[in-house]
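The data below hold one chain only, encoded as structure tokens and taken in the form predicted on its own.
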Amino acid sequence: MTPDLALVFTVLMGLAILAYVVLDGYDLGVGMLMPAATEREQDSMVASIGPFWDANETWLALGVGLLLVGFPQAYGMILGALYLPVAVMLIGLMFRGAAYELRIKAEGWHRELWNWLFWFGSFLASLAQGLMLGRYITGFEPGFGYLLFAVLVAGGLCGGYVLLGATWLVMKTEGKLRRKAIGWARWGLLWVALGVALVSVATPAASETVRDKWFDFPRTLPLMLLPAASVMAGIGVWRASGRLKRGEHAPQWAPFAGAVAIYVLAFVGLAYSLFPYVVMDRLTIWEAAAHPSSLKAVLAVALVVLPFIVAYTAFSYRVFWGKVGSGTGE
């Protein structure tokens, strides 16, 4: 196995997962905020994600597909350990998809039911993803403490998606709904801080390899720029949302950009912690990689398909960019 092919698939898989977390993260966050809005505001919230949410989930399929094809041994180990939360996530995504389509034509209490199921599906999928993350970064170790940690990480990830969803609404809506979204963004930022802190503490505690990577001072001192940059991005979100809340002039895209920056920085830190393992301290990317002939064939297809996915995504965001209205008549 040549290291280059394993590295290429690792990078592609990582980028696909990051794209999914950021892009589908904001529309999952919007779904989880539905109960806090009025009926007209809910229509605006769904309209803000309507042109994008189907395409956003493409990145999840791509990331899982690359894991299956590129690292089949790791795929069996990871999916075997995470079978239950994966099933829960898929159920949540099915609820969400059905609710999105049916709420449009429903009336009266039926519409309220589908709105509730849209929230429930979004929450269930987000919670399951957080549980998977919590279990993955601790190497699937058994025990109540590790399970409790996974639950706390799940709460932090749900809060992180709320932050993405709220800052998306700040950028896409107007009036009373936008003012509400600013408050939701500040609440979500606190949950993100909790989630990042938990992962930052637990990953070195669970792995001596990770501990050596981060705390071998003074060699690792430059790495402290990553958490420092994350803190600065969080402060930027807090300050930008505060200025908008007070009615001061500030770019409405700034909170969302700051939230995305937090996720990107956290992902880079986690990737550094895990590399070269695809399963913590058990399986490296080279040990788990498929035969070179398989990787070359799939890579050739991926290099053809990926530009179309990126181009379609960019085109859809360009066409449907702009405000969707307040949903309150303001």
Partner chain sequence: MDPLDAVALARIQFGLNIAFHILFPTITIALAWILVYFRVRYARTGDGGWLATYRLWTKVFALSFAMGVVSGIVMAFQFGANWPGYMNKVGNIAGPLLAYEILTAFFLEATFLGVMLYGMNRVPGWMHLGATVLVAIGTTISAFWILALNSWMQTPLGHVVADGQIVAGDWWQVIFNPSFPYRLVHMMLASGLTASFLVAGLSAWRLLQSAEDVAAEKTLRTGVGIAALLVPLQILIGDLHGLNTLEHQPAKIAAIEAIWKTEKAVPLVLLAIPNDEKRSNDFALEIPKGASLILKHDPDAELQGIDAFAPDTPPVAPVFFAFRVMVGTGLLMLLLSWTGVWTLRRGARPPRWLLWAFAGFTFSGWVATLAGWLVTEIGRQPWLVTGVLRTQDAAGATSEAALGASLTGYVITYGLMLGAYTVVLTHLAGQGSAPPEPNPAGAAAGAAAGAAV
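All of these numbers come straight from a predicted model, not from anything done at the bench. Residue numbers count along the first chain shown, from 1.
Same protein, other form: the form predicted in complex with its partner chain, not shown, and the subject of what follows.
- Comment: 95-103 is the region of 199-207, 148-156, 95-103, 185-193 lying near its partner chain in the predicted complex, near meaning a non-hydrogen atom within 4.5 Å.
- Its partner chain in the predicted complex is not approached by T220, whose heavy atoms all lie more than 4.5 angstroms from it.
- Remark: Y83 counts among the residues lining its partner chain in the predicted complex, judged by a heavy atom distance of 4.5 Å or less.
- At least one heavy atom of E57 is located within 4.5 Å of its partner chain in the predicted complex.
- Contact between L131 and its partner chain in the predicted complex is not found at the 4.5 Å heavy atom cutoff.
- For the candidate set I285, M34, A266, L62, a heavy atom within 4.5 Å of its partner chain in the predicted complex is found for exactly one residue, namely L62.
- Only one of the listed residues (G143, P251, G242, G76) places a non-hydrogen atom within 4.5 angstroms of its partner chain in the predicted complex, and that residue is G76.
- If you take 254-291 and check each residue for a heavy atom within 4.5 Å of its partner chain in the predicted complex, you get A290, H291, in sequence order.
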